[in-house]
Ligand SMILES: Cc1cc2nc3c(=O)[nH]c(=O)nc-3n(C[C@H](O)[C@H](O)[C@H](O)COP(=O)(O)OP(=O)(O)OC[C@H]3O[C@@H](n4cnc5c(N)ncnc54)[C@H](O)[C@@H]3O)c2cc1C
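Before any questions on how it binds or moves, here is one chain, the form predicted alone, in structure tokens.
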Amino acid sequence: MMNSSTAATRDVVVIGGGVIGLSIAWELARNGVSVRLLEQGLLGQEASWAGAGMLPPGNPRQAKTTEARFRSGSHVLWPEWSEQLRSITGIDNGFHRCGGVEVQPAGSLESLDERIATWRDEGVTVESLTSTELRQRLPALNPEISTGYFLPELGQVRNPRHLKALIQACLSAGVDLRPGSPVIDIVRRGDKVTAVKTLSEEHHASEFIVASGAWSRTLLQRVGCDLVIEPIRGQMVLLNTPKVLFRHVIEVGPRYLVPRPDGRLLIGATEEQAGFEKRTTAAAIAGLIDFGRDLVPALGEAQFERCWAGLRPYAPGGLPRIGRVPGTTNLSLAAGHFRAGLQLSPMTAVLVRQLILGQQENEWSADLAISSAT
């Protein structure tokens, strides 16, 4: 039953406690904003926790597309954010530039030349690899694979550690974190949202931000905005190898192997339209293990540790939606990042901070705005 007393008013209420919501809350709080964050479950335990933590490179000076500009902005911010979080919390999120190799399996008809050309056009360092150079970088790679390229600036982060650091940084900055607080309704008067309701309270603020990942669509429908953001299930496998077999990320299209410095290795990921059914399946997990063994045969001797699934929020067009919700003056959205939530989280937080505080926005951020036709 709703408590008759309402929670104290905050400048901003953020709805969603994944990496996007936590990053926004921290960025706003350290810029003087009073923030409350409401999360329906545990903080950082959905898609943010389930990913592999890969951070693709970018170059802001030559990026031409909205996606490239967004990605390159985060690429520049990651070292700074990681160092600041470690300084504040003492938690090392494991950020480092490990480099990544994109390979072409034997028998594949797809050429990597176009991807190499795209990276070069963006001003990103990329090295085309001969078969001999592939062997030198990845001795454990299946010898039948002879084509690939190397991205020396590709990075990775240990996403569970990063989320722990964000939670601690938010607390240090005075953010009022409320896990286990699902928002069940949005109170609106005309074009202004006045409060959001949880099971026990009303939460008032000057500004409200929906950052609820795959669950954002349901909340937006409460204010008459039916924006398509759908859950796409991704399954992952974690192995433990007796020794580190390679140190670079290996990618084949949307699938990958991500080595950790401690010998653990992630294999991912599937893309499945399964609604909100977050579970693993025998067929998908077996397929991922087979994929890993095909690339690196020695993984057949690795120890299986665990597997899991996450629900990634997909928005048509492949770009997240960041901006004011049409028909409202104080409700904003930051969702639809699909597979790029972790990597784009620093730049997303900056864009939202600029929007909320009325600061000069990046020219290209208008391309992420929410259309009234969606």
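Computed from a predicted structure; not experimentally measured. The numbering used is simple: start at 1 and walk along the sequence shown.
One more form of this protein, predicted in complex with this ligand, exists but is not displayed; see below.
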{"property": "Residue 119 within 4.5 Å of this ligand in the predicted bound form, heavy atoms", "result": "no"}
{"property": "Contact of residue 211 with this ligand in the predicted bound form (heavy atom, 4.5 Å)", "result": "yes"}
{"property": "Interface membership of residue 182, this ligand in the predicted bound form, 4.5 Å heavy atom rule", "result": "yes"}
{"property": "is_contact(residue 337, this ligand) in the predicted bound form, heavy atom dist at most 4.5 Å", "result": "yes"}
{"property": "Partner-contacting position among 126, 205, 295, 219 - heavy atom within 4.5 Å of this ligand in the predicted bound form", "result": "219"}
{"property": "One residue of 81, 215, 149, 95 in contact with this ligand, assessed in the predicted bound form (non-hydrogen atom, 4.5 angstroms)", "result": "215"}
{"property": "Partner-facing stretch of 68-76, 232-240, 169-177, 128-136, counted where any non-hydrogen atom is within 4.5 angstroms of this ligand in the predicted bound form", "result": "232-240"}
{"property": "Contact set, 44-62 vs this ligand in the predicted bound form - heavy atom within 4.5 angstroms", "result": "46, 47, 48, 50, 51, 52, 53, 54"}
